[in-house]
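What follows is a single chain, given as structure tokens, in the form predicted alone.
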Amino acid sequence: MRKIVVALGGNALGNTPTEQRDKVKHAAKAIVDLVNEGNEVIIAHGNGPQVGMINSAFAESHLVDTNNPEMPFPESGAMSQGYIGYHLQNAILTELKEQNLNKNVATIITQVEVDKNDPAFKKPSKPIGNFVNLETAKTLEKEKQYIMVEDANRGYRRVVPSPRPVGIVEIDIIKTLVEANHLVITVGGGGIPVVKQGNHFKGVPAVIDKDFASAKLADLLDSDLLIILTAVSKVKINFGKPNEKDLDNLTISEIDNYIANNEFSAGSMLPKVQACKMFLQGNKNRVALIASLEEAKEALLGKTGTRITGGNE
């Protein structure tokens, strides 16, 4: 039996509650197919559209009526974990029954520890929330101490830090459930970012990349395999150019060379290959896969996807 952490990309979740409820059925099928092959599966996922929707809804409600509370970003992340987890575990449980598998599935509201001295806190870079005009951006900077930047020539957005994960607060609970043969949904959206202050974990307004959180989870669970499911079948180089090329296999050294040549986009494939590298550095016998959601089973069988290893084979 192989222990596999599956990281679901945002394309698996949709942008609205109705769309998400429909889309997670496809994710559930892919996940339970892996379980039916005899694998031990742990599920992680993104939350970009969902956490932004929650945070923005409270902010807009507060503008209409100041008696309505604003929602801090860590709490918005917690809400998104519960909301996405509900849809995922509901769909996965249905699929488990469809495939006659006697397993349970549960969502863990997960805090992920970050280092308060992480350089990311001095250089916020992750856009969140709605686009606003320059006047509104200046008001938010003055009244809320937000850092606002122009984004994609569409207006101004708040940016928050994106620190690397250093630990998972609920890891022992996750291990207990996994060892009891349950399916676990955890580190949703990269986890709720927290910093340790004595015996207390304090939530901070930040976004942890879900691929890095998934790699940290897979490492702490000593998983055999990390599968990052995304919108493309394979990792590509020369993306969008006439000489575009799919990569069937990658090694850590090749990843380093491609990164040095700026082959991977910072907002797309770069964190995925970096997360795979981070996972593989924990144990040379591990394997990582990057593949599309629809082809998860085929990727596991070596028929598609990009297989990433720590050696030079």
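Model, not experiment: these values are computed from the prediction. For every residue, the number given is its place in the sequence shown, counted from 1.
Below: the form predicted in complex with a further copy of the same chain, not depicted.
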Checklist entry - Any of the heavy atoms of residue 260 lying within 4.5 Å of a further copy of the same chain in the predicted complex? => result no
Item to check | residue 169: touches a further copy of the same chain in the predicted complex, heavy atom cutoff 4.5 angstroms | outcome: yes
Checklist entry - Though only this chain appears here, would residue 199 touch a further copy of the same chain in the predicted complex if you measure heavy atom gaps against 4.5 Å? => result yes
Checklist entry - Is residue 192 close enough to touch a further copy of the same chain in the predicted complex, meaning at least one heavy atom pair within 4.5 Å? => result yes
Item to check | The unique member of 255, 278, 287, 54 whose heavy atoms fall within 4.5 Å of a further copy of the same chain in the predicted complex | outcome: 54
Checklist entry - For the chain shown here without its partner, which stretch in 59-67, 266-274, 246-254, 28-36 has non-hydrogen atoms within 4.5 angstroms of a further copy of the same chain in the predicted complex? => result 59-67
Next on the checklist: Would all three of 162, 230 and 307 be in contact with a further copy of the same chain in the predicted complex, where contact means some heavy atom lies within 4.5 Å?
Outcome noted: no
Next on the checklist: Residue by residue through 77-102, which ones have a non-hydrogen atom no more than 4.5 angstroms from a further copy of the same chain in the predicted complex?
Outcome noted: 78, 79, 82, 83, 86, 87, 89, 90, 93, 94, 97, 98
